[in-house]
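Quick heads-up: it's one chain on its own, the form predicted alone, in structure tokens.
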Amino acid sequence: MCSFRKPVYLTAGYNTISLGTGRPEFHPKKPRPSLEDYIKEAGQGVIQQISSAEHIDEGVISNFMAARFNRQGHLAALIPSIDPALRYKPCTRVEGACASGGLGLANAIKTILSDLADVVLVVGVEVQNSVKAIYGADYLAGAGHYASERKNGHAYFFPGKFADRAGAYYEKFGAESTREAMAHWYAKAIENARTCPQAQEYHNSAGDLLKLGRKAPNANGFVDHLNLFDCSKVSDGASAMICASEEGLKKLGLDKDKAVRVFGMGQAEDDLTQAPEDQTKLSTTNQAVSKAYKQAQVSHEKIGVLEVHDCFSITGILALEAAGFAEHGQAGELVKSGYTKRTGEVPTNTTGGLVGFGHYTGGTGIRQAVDICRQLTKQAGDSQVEVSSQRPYGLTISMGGNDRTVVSLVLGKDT
């Protein structure tokens, strides 16, 4: 794999509130921000941190399913609504299911490396609380192979898919110990979300989080091997940030101490029409992370803060194994030991991850990068953790569908 031909940086991140059930301002029958509102808020939140929007050369917008949730396509042409200076600038929309945000960043990074731009604005957005949950589950099934999987799939399609993964893991490594690890994952997610005012679970005041996480799955009411606390919620929101060259940072008036450098990027796709070879492994995630490690010339032992795609608690556990932090079947013990907690060796999903922060599908991969950037530049507020000098890098894993599109980034401070 080739190294980057020049430094590429991420900076000036902004996350909106992740709006949905659990937020006091959310009511399903009252007006809420629109797709356009979120795009403007996130984009303008970035622009307020730079010298001028005039210096933005291009825009990228990542989104999964606005054409169905919001009956709106042609999203690239919404970027100029953020600021008059963006009129007539080239803009592109990318889509890769839940990995759309990661793909948006990957495309921006490639544009910077091509010398066609010095500054790219990347915005990721999704507004999903526009239909009843059962209809939304059908829309989201488009992240799988709809023609071959939907007819015989669960009514709640993706919870069903990852319940199958959880069931396979239970059978191979023990249901009781795995369920306990999943409960610990949920508790950590909510504890971390309580440090972040934008998180969907910020106001969660439940007392015994482990007890909730241990609640037995009810196949009659939901799916076979997951309870509701194992799942990320339906979320509306947006994230945005700047991808820039060294010259771009100078144009924006930003010092490198407010930015992180992209040391490695890995992208991998697998055949959407085929089922996973092993339900207990995220093989595409492993491939993408391995590519990012190789390009950055690091291993998991140098990662000090981590953002994984925990659409379900079992996915977080599988991602730890795919990224090399635990041997196959051992990540549950790692989670129970406190390794991924705020005070652990590798703090993971420090604002709650998808389970705690929320999952506005098209923006999640960008939100992950924003949070890693804030951690490494010590701008994370109450969510700040201590990043060891022995483990100076951050890692993001943005996963789409049932581990079919994955983008992983190794981020760190420039030295």
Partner chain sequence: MDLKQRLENVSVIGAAGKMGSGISLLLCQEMAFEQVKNPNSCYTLNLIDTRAEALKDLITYLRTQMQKVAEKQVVKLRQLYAENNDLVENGEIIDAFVNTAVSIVCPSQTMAVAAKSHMVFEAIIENEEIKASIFKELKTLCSENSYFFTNTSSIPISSLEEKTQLQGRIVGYHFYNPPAIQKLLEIISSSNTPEDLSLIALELAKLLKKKVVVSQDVAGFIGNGHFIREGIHALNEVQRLSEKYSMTKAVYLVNKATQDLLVRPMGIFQLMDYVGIDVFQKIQRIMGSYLSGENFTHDIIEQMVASSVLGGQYGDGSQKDGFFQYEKNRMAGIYDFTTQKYLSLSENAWSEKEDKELGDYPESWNAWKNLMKDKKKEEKLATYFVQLKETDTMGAKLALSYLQKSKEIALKLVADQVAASNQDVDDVLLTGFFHIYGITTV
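Positions refer to the first chain, counted from 1. If you're wondering where the values come from, they're calculated on a predicted model, not measured in any experiment.
Same protein, other form: the form predicted in complex with its partner chain, not shown, and the subject of what follows.
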### Query
Are all three residues K132, D138 and A155 in contact with its partner chain in the predicted bound form, where contact means a non-hydrogen atom within 4.5 Å?
yes
### Message
To test your reading of this chain, name the stretch in 142-150, 333-341, 181-189, 295-303 whose heavy atoms come within 4.5 Å of its partner chain in the predicted bound form.
### Response
142-150
### Task
Just give me the single entry in R32, H55, R68, K40 that has a non-hydrogen atom within 4.5 angstroms of its partner chain in the predicted bound form.
R68
